[in-house]
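Here you get one chain, nothing else, as structure tokens; it is the form predicted alone.
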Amino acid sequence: MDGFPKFLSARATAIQPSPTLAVDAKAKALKAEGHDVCGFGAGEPDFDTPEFIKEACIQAIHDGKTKYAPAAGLAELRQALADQFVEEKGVASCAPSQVVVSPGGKYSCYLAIQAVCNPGDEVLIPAPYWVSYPEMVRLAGGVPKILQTGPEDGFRLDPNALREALTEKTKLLILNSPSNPTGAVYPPELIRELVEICIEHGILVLSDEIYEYLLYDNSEHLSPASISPEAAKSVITVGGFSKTFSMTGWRLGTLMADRPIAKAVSDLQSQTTSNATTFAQYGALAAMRNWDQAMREVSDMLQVFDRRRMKLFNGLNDIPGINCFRSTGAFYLFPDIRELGVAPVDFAARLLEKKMVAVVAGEGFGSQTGIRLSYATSDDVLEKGLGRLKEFVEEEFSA
């Protein structure tokens, strides 16, 4: 069996596993062994899925809606999503044929990149980035081109940096607002400027909006596809139900794009996963049809997240050597630890070993200076974790 790896494909051996899932798995394994682990690694709400959404899914199962669905998703769900793009996001027009429901927002991103990228195409990715973007680009044969941002610019891509990065091989810019891992939100005027540059140069935009409803401090989300008719043709919008409605395990992502791109995505999906789980889509349909009720539950969740955000933000900034950017979206903080003089991956490993606190090292996000903490966790974990983190820094890095 020692020689078996020689049969693996080059793409399989080159791919890097998700560091966020690895940290979460390690924390859960330590908990299973009886350790008291404070986990800040998971990128999922710790709330339950709204009851009426669960009931709609259960009813669909009772009604026998357990067979194959169209590859692009249930017709009524795609219609509801198309209507929402127009009525809520402000896109000039959107037909159901432009919408694809996939098994997870991650898969929606993957299919989008597969649909538009050829080998050798350059894809611009602002860093810190979600861990999967560069690997998805490589799986399509593309070349990830990383554009660094930092807390000094709010972890937002500068338009001049975008212009300087463009080459004749540039095919796609990936924008993620609100951001994983930084929680940064791009203001509408900056979104407009970046998208207009892309349109000017014939570049597509993949707008990952999975955290679009998780906003704080009066920050505002603008969907790039709504800027103009030209933007609607150039922007691929990815979203989903996972983060907003605490439906991570349901695996339901959405994609909206110009018809030729949406059709290509649907065709790819038909040959890979067939369709997103049928009865799960009826749960999502219930959320769309009872939007006001769904958003009331989101509002309740946001109040808790906001309180946790500030508790963690203030607690991190009280630790000497740690400087934390104040995020205004998602449920992450991305503190800067460069003053401690240690690589994030070493910091995270030692923190877990010595204090049983799980964070995600910045290297997986394209950062050599930060770590990611999720505040989608309990107040007890926040309190204990902050205390342990402060003890760790004082014990390991005090002069």
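Just count from 1 along the sequence shown to find any residue number. Computed from a predicted model, the values in this text were never measured in an experiment.
A second form of this protein, the form predicted together with a small molecule, is not displayed here; the remarks below concern that form.
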query: Segment assignment from 101-109, 222-230, 303-311, 277-285: heavy atom within 4.5 Å of the small molecule in the model of the complex; finding: 101-109
query: Heavy atom within 4.5 Å of the small molecule in the model of the complex - the one residue of F85, F245, Y211, F325 that qualifies; finding: Y211
query: Contacting member of I236, V123, A184, L252, with respect to the small molecule in the model of the complex [4.5 Å, heavy atom]; finding: L252
query: Heavy atom of T149 within 4.5 Å of the small molecule in the model of the complex; finding: no
query: Contact test in the model of the complex: N176 vs the small molecule, heavy atoms, 4.5 Å; finding: yes
query: Contact test in the model of the complex: W130 vs the small molecule, heavy atoms, 4.5 Å; finding: yes
query: Contact of Q269 with the small molecule in the model of the complex (heavy atom, 4.5 Å); finding: no
